[in-house]
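Heads up, the chain below is alone and in the form predicted on its own; it's given as structure tokens.
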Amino acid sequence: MADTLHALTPLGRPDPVSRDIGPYRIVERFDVALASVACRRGRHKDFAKAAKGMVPLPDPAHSAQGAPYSSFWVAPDMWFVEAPFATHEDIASELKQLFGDSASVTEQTDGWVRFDLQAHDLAPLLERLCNVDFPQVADGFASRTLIEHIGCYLIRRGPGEGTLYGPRSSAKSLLHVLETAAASVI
């Protein structure tokens, strides 16, 4: 009988990586399901009605926390929706059922790596990596940005908390650049 398959994190490990470098904590998150949801043309009313009370739809450059779904804006009429993986492993199917034919839904969980960043002050780290003025943006800010020529999404969760989504294929490169930048400012 063949061995049972085991899931690996985007960094290719059985357990998520956590690094403490000086005041900075970098944590790989492997417990979040992710899907993109795009409103279909001419279906805005049906789309908004389906989302109401279930999936927050934040304005451009924003994120919104909810239960069980949270989301962040990625493009006109398009959001990435997050939920706990343990209870929403099949998030795309759940969202397709919720939105019906008013939205196009695509599974994104395995396409991205998520790193949560924590420190009393993340600005010295982030100012070396991207063009987002982290101290000047409000909690809930979300934006696409470049880090080492890699297209990423940066979300400000709080003054000392941020989330970075990057392509899964660049997981090791992103961790390396985060570690290198953190070590350079301690």
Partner chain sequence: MIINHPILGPRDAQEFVYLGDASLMNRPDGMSDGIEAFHDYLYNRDNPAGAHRELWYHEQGDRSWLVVTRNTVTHEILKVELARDVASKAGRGK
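Positions refer to the first chain, counted from 1. This is a predicted model, so every value here is computed, not measured.
The next section is about a form of this same protein that is not shown, the form predicted in complex with the partner chain.
By the 4.5 Å heavy atom rule, the three marked residues 41, 144 and 151 all count as contacting the partner chain in the model of the complex. 61 is the sole member of 64, 27, 61, 54 with a non-hydrogen atom within 4.5 Å of the partner chain in the model of the complex. In the model of the complex, at least one heavy atom of residue 74 sits within 4.5 Å of a heavy atom of the partner chain. The closest heavy atom approach of residue 98 to the partner chain in the model of the complex falls outside 4.5 Å. The partner is not drawn, yet in the model of the complex one stretch among 155 to 163, 45 to 53, 114 to 122, 66 to 74 has residues with heavy atoms inside 4.5 Å of the partner chain: 66 to 74. Contacts to the partner chain in the model of the complex (heavy atom within 4.5 Å) from stretch 116 to 139: 131 only.
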